[in-house]
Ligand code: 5GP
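Below, in structure tokens: the form predicted on its own, a single chain.
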């Protein structure tokens, strides 16, 4: 990773020093990187005596709640969050590239007169929406970018041991989940970060136990049904699964419990692109895409699913009724669009 710009780092430090109240936000349906980066920054700010608040557009999944347990994180509720956010003089947005990724919070965030800072690793950041923008794609995660930013702060001076222990653990957790436990998007800087956090005392074994070995039994049985009965693989190597409301009810699927399912078909040699279509409780439809090297999940998401992301990991949505007449038709629609994309890719 290239060195961070000194001018930007100095500006960020000035923003933080001059701020009285800081609000930290991330994207809708927060994942490990979103939870880890906001929690890590919150805990560091509190160690400096700053007043800080963490608010997510939607609730943190139960499986990731342990990361944010010290951050007093809240899911957005106008009745209890608006006052704190509106009284902030600094807004820091982590792990998303534009304010519309906060969905229900977007209008409120745009209305703020507070300085706005972006710390993100996705493509095409909306830089004009922020007063200060740290955006890098040559990095594994928002947690990794935040780690190197914090290392440059005078209070830390490059010594990871000066991070609050829970902040260091949160950074390791977010980086670990966003790399699928070092299976993708790993750079030399990623391994350096991990090494420095381990040397600072992060217990990675305990972290892995909490991240991957404490799921409810129903999650494993859900994966079994989806892979056995609902996985369709096309001749061009597109694997597609549709997780509808009926299956979600049968296994009492909670937010975050289907995470990782989209990665499973990539273990099959002939699969080049994996697509998981998920019907949400409100009738909307989310799409997760993962691909092998050489096939751009990001391009597929942008072309067909109103989304985007990284080259091998992206997401989007299927609009009802614009794309399909009802959510029940979303699985077939996604399979057709992904196959069409692969035909374009191969031509």
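As the structure is a prediction and not an experimental result, all values here were calculated from the model. Residue numbers count along the first chain shown, from 1.
The form predicted in complex with the named molecule exists for this protein as well; it is not shown, and the discussion that follows is about that form.
- The chain is drawn here without the named molecule; in the predicted bound form, the stretch among 36-44, 281-289, 49-57, 66-74 whose residues come within 4.5 Å of it by any heavy atom is 281-289.
- A residue is said to contact a partner when one of its heavy atoms sits within 4.5 Å of a partner heavy atom; residue 32 fails this definition for the named molecule in the predicted bound form, lying far away.
- In the predicted bound form, at least one heavy atom of residue 313 sits within 4.5 Å of the named molecule.
- Proximity of residue 101 to the named molecule in the predicted bound form: non-hydrogen atoms within 4.5 Å are present.
- When contacts are judged by a 4.5 Å heavy atom cut-off, residue 122 counts as touching the named molecule in the predicted bound form.
- Taking the named molecule as it sits in the predicted bound form, the stretch 137-163 never comes within 4.5 angstroms of it through any non-hydrogen atom.
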